[in-house]
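This document starts with one chain, in the form predicted on its own, laid out as structure tokens.
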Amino acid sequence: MHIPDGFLDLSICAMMYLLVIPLWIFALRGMKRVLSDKQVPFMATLTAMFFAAQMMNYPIIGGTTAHLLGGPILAITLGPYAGLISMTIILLIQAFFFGDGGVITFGANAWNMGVVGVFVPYLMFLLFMKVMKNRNGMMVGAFLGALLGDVFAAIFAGLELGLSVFTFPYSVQIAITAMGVHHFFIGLGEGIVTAMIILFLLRQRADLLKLPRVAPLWLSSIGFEEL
């Protein structure tokens, strides 16, 4: 899903930077409020783990790639603020040191994988916790959140590519279809892995899931101590 430089029009790149920069600032401030010293090493471990996981990708249409994101686990365990910053760090290292994704397109990649790929799974997770109010709700929310997070992130990537009429040879419809279909199947796998990791943490290290919930009032979640 990493979009290389040269595949997006400069106007699209500029717009995506304008969208994501305020969210970086907001996330940094929010992360300081909810992330404890105990969770910082855990954040570093997850960042390193999903950095490695994202390096295993395969090419699809027009030079971009498909791979696991890791956003759902980052969001559920660290919260959406730290999840966005963690994903941003991953993408930054990949772009500057490994040429995986571009520097000019960095804002678009951060939006797709760091904003959409983190906040969508997180909100889905909270929604199903609120509706089902038990551990089954957590599993369903984790699975569907990971699936939809992957698909929506891929759709945004396809939209950005398709709208880049000066640099990308395929239409919006082709780009969105190709990205969405590939990442639907990846999302199924990521959903299963995400649900399994959450179940393992619930049984072995439930304390790692007790980050304060950050959500709109209408989507406020029950506490983990009630599960």
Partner chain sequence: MLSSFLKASKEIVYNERFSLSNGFLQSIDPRVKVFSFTAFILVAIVSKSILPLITLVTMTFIFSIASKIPLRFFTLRTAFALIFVALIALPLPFVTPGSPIATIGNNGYLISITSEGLFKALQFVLRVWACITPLILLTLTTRFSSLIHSLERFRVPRVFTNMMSVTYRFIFLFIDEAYRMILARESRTVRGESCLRATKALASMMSTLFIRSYERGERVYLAMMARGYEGNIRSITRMSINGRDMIFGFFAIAMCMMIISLEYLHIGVV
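Positions refer to the first chain, counted from 1. Computed from a predicted model, the values in this text were never measured in an experiment.
There is another form of the same protein, the form predicted together with its partner chain; it is not shown, and what comes next is about it.
Although the partner is absent here, Ile176 sits far enough away that none of its heavy atoms falls within 4.5 Å of its partner chain in the model of the complex. Contact annotation: Ile155 falls outside 4.5 Å of its partner chain in the model of the complex, judged by heavy atom distances.
Put simply, Met132 is far from its partner chain in the model of the complex: not one heavy atom of it is within 4.5 Å. None of the heavy atoms of Phe184 is located within 4.5 Å of its partner chain in the model of the complex. Using a 4.5 Å heavy atom cutoff, Met43, Met49 and Thr167 all lie near its partner chain in the model of the complex. Proximity to its partner chain in the model of the complex, defined as a heavy atom within 4.5 Å, holds among Ile85, Met139, Leu148, Leu123 only for Ile85. With contact defined as any non-hydrogen atom lying within 4.5 angstroms of its partner chain in the model of the complex, the contacting residues in 169 to 206 are Pro169, Tyr170, Ile192, Val193, Met196, Ile197, Phe200, Leu201, Gln204, Arg205, given in sequence order.
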